[in-house]
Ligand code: BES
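Next comes just one chain, in structure tokens: the form predicted on its own.
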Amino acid sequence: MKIERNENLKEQVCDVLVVNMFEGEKTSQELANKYAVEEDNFKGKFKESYLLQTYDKIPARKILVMGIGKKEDLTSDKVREIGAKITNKVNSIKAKTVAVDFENLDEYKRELAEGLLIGNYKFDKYKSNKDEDNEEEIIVSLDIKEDDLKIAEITISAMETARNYANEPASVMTPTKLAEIAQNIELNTKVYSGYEIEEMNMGAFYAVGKGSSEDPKFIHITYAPKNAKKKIAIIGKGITFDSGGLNIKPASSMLTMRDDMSAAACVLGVMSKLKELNAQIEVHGIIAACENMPGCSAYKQGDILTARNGKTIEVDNTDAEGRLTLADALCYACELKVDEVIDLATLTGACMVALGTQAAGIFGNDQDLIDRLIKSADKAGERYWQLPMYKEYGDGLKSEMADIKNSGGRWGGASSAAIFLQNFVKEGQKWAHIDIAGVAFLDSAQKYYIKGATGAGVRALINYILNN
């Protein structure tokens, strides 16, 4: 899909003219009012639509009336849903030229553009029977400010990049492949592997990757504009496949574990677009990438690991591996002397139980940072819900043999995981942890998402970076 700026939409020659209708009101389009409202009693309820032929009475061949519900109920994210619905509708009727003439919604034009683009996403790379009729690009005309369109296009492109990476089979999206992708981003990128990781004293991360024939990769991408206003690090969990290790998962739980690198995909998507966005803060993208496999060299329950900051960890469960890789990544990030460290991870099933697929859990040691991230996510159409980090959640992490265990038992698992991570955050370092386990990969279509990877975190982080 390509969106073009056009202020004269009513005179646009196109396959479909799309107009909006608030519930219980009329549109400014006479044909739509006559046939949809007056003759067929179309109400304009949220996401309802009405399609009519124009019989050459106007330049457009058809009119699509989109109901957007009551004015008082409208939100920026509902506008994204409307945008995606429009794309789905025009795709279904095989329209190739579309004019979207929405009135009284000027403050939501960027969100409308985002929704139109999100709705066009599909992952059919491995299908041999693609619908060739739908391969031709759709041209959408929209009255939108140039800057808003630019940000929308770049943001959704970053989101699509992340979705594509997370949807790839684990046999394709290996740690080596993630490293290759990172090195192809036109930024300063360092990649460490195998013995280098061990020599960097990343004993927790290195242990997780030992059970796989795939070499682990530690990736550090730097975006450093001149006169940067601040410095942040974003860390993405990069388990390219999680079998559970020797504490092997049931088959049904392993089925979608290619998505356990969704946060790494998010970081790559964001970092790949910072130059285009002309972001004015320094950003360090960090990924500790490996597979968690039960090979002959796999780490075992009862092993004692030493993280980069010298803390020792008793392995209670090899399926609590993501926090081990993040432990060393957090230590590394804190050494960069950044203002803020933000990590994202598909970390715990407990967070999914608590928040389902509707919100990510957020934790941290600085309330202002947490509040700003929640606000940025909300504006971008993502939801973050703060969960507690009471010190009692750490009781289950106490070890008789080491400084800490890597698993704190069944109850409050999202919070105990955050407590574990905090042990590897340098004192005085502002830090936030975002558990995207429930929102990164969907088993069925939801809102403007199709089944599969959602690109969780991309829009929230880009919005946060641009507004700092």
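A residue's number is simply how far along the shown sequence it sits, counting from 1. Only a predicted model underlies this, so the values are computations on that prediction, with no experimental measurement involved.
What follows is about the form predicted together with the ligand, which we do not show.
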In the predicted bound form, does residue 349 have a heavy atom within 4.5 Å of the ligand? yes
Contact with the ligand in the predicted bound form for residue 282, defined as at least one heavy atom pair within 4.5 Å: yes or no? no
Residue 418 versus the ligand, in the predicted bound form: is there a non-hydrogen atom within 4.5 Å? no
In the predicted bound form, residue 54 touching the ligand (heavy atom, 4.5 Å): no
Only one of 317, 188, 184, 176 gets a heavy atom within 4.5 Å of the ligand in the predicted bound form. Which one? 317
Name the single residue among 328, 242, 343, 114 that comes within 4.5 Å of the ligand in the predicted bound form, judging by heavy atoms. 242
Joint contact, 249, 260 and 323 to the ligand in the predicted bound form, by non-hydrogen atom at 4.5 Å: yes
Among 166-174, 89-97, 105-113, 349-357, the region lying within 4.5 Å of the ligand in the predicted bound form by heavy atom distance: 349-357
For the stretch 427-443, return the residues whose heavy atoms include at least one within 4.5 Å of the ligand in the predicted bound form, in the order they occur. 437
